[in-house]
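Below you will find one chain, with nothing else, as structure tokens; this is the form predicted alone, and questions on how it binds or moves follow later.
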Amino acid sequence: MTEKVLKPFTIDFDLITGYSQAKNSTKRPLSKMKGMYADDVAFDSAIQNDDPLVYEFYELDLPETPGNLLFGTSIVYPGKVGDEYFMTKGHFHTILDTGEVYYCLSGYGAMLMENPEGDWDIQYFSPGKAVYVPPRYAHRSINLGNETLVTFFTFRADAGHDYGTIETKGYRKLVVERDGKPEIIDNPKWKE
């Protein structure tokens, strides 16, 4: 089998919006986030009303082989389901010992992380700040502001994504709005 030889290339990403003229994005409307939010009644109501776009991302189609880096932009729109902020589904990497870097281009938000052993952490995004996600940590971007949260990310191309663990178990913690500010609470739906 002959491996594809990559050549240097350039791709456009708008530094404010995260959009690319050269690539199509993957879109996640709220209906594709079933089970991710704690308030099922608020979730069902939001889907019946207009099924808003929660987030989208642009990711390059590179060979998923050792030595390559995947990169792209993640765009999380402002909004809430009940008192829980709009967020990405979140994922582990299939190769669990994979780190990832997210650099905030615009907006305000957080990266919620947890590992299989139960350790968790939250780091905050604002323009010009980078968040390092260590190996073994599931991670999810959360928009805590009134503007779109845009981040640029990169990770090893062969790492893969494990969404299934999060879809089955959820995250141990949630970020909700209380008295106009973000607060971290235990997830009442989390399954061991």
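Everything numeric here is computed off the predicted structure, so don't read it as measured data. One-based numbering along the sequence shown.
Another form exists, predicted together with a small molecule; not displayed. Remarks below refer to it.
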Problem set entry | Contact stretch among 45 to 53, 122 to 130, 154 to 162, 61 to 69 - heavy atom within 4.5 Å of the small molecule in the predicted bound form | 154 to 162
Exercise. In the predicted bound form, does Glu84 have a heavy atom within 4.5 Å of the small molecule?
Worked result: no
Exercise. Using heavy atoms and a 4.5 Å limit, would one call Glu114 a contact residue for the small molecule in the predicted bound form?
Worked result: no
Exercise. So in the predicted bound form, does any heavy atom of Tyr137 sit within 4.5 Å of the small molecule?
Worked result: no
Exercise. Would Ser74 count as a contact of the small molecule in the predicted bound form, using a 4.5 angstroms cut-off between non-hydrogen atoms?
Worked result: yes
